[in-house]
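Structure 1 and structure 2, given next as structure tokens, are two forms of the same protein chain, each shown alone.
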Structure 1
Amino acid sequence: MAAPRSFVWSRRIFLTLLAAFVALPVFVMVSSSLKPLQDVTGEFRWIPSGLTIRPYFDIWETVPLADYFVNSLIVAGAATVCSVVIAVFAAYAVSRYSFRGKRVFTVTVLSTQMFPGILFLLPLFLIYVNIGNATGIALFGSRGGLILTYLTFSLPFSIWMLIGYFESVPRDLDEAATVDGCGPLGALFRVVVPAAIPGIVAVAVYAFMTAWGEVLFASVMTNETTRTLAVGLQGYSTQNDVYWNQIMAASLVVSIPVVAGFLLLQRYLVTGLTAGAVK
């Protein structure tokens, strides 16, 4: 049965307005990144009077953007790998085995998402400083400390997501792998993990995006040498001027890895989030 014409046109109008609402800020960012600074700070024009790509070259000289880019890649990549590896083992154990405290563990993991991140800022700062003073291990102001910090946010959600996805994988596959001579780890890596690739990809994308765009902890837990992109963008605002065209250009450049990864892994991401949320 065909939908009423009024519904079809209402849907078209709504989707058109929604697309315009989403595309408008992107258009302003792109157009501002192609303008000279005096045009950006002057009267706003929808159609730029003059275009230049100079801001895309200046962004690498105004601040050490390349160093921030490397720091973000290392921190986000390491946090993603650690989060996925730990979550796979934890979720497999919870979904396949019964043990005392299993329900308490799952509830505790999920309940950590209720607290705002700023609540952990001071405790983590004091822990890192005290560990550094007692052992000489520099967690505060280091990439390793920032990676551990991001694990506290991404790991609980990753475990919870993979528990739901692993439970959707039939246990008969584990039993068939056991009959073929596989142990628990063999069944995990040869049967369960290949069947759960969409869920694992969804967890990896979530962990990477969480670490890539985080600002609060990165602004406190880093220094000049370990600063990430999200914090480094503040360098385009000085006491004398704000380089709005370079800010827009740098923001677009910074978003490329996340957007490209999302587009490449979109089908896995949608499948993984849907299957994990059902459980």
Structure 2
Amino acid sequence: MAAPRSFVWSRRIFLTLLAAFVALPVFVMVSSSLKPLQDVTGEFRWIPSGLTIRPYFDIWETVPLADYFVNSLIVAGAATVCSVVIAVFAAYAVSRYSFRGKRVFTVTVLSTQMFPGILFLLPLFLIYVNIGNATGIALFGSRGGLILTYLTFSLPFSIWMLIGYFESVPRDLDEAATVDGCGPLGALFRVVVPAAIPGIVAVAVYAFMTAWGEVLFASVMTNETTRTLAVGLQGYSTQNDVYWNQIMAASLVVSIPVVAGFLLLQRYLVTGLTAGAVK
């Protein structure tokens, strides 16, 4: 059925405006990262006085961006691997078995996701400081401590999303595997996990993205050597100058890995995010 003109026109206008709204910061990020410093410290210019790729070299000198990059990679990567591996077992148990306390477990996991990060921040901060004082184990400021705090959000949503994916793998498949002599773990690793690989990858990407963008814990729980990108990017503003072109270049550089991953895997991600919502 052909849409009426009124529909087509209102669609054109709305989507154009919305696209402009969405694209504007992206345009600013890209164009400002290619401008010389005087162009970003003076009045805004749509057309730069000259194009330069200097900021992309300077960002590594002004602050130790490479170190922050490595820290972010380690922290986000470890949090992702931990939560996905642990969630695979938990989600398998929930989706394939009935056992006492299952409902309590799922509801608890669900409800922890609504808790604000600030609720965990203060106690975890205190726990880390006190453990450090009592035993000399430096959790506070360490990457390990930060990874643990990231599990507060990455573990529950990994479990929830994986339950959704595992439910969508037909039971007949792993029942057949058991009949053929696989143990439960054999069925999990030979049948369920391979069948749910796209889902598992999507959960991993989502967990990684969330950890990569986390600010609250990173700004309290890190020190100079363990600082992540979320905190490190503030280093481009000094007392005298704000290197906006470098900030924009660095923002772009730190965004590319996750945006690329997201756009590549968005089909699977969307399925996972919405599996529960639209069932």
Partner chain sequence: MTTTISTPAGQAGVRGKAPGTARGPRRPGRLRRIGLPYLLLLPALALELLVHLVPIVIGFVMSFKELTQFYLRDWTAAPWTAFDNFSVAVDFDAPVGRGLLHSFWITCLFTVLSVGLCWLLGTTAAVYMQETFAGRGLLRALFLVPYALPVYAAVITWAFMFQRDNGLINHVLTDQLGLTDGRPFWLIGDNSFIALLTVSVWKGWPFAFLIVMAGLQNIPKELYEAAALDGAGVWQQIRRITLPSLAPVNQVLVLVLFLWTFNDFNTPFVLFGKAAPEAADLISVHIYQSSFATWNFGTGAAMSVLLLGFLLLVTGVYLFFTSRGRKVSHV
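Residue indices: 1-based, along structure 1. What we label the rigid core is the largest C-alpha set whose atoms superpose within 1.5 Å from one form to the other. On a predicted model such as this, the values are computed, not experimentally measured, just so you know.
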Choose between structure 1 and structure 2: indicate the form predicted together with the partner chain. 2
Could you check, with the core superposed, whether the Cα atom of Ser255 shifts 2 Å or more between structures 1 and 2? no
If we fit on the core, is the Cα of Ala134 displaced 2 Å or more between structures 1 and 2? yes
Once both forms are fitted on the core, what is the Cα shift for Phe14 between structures 1 and 2 in Å? 2.9
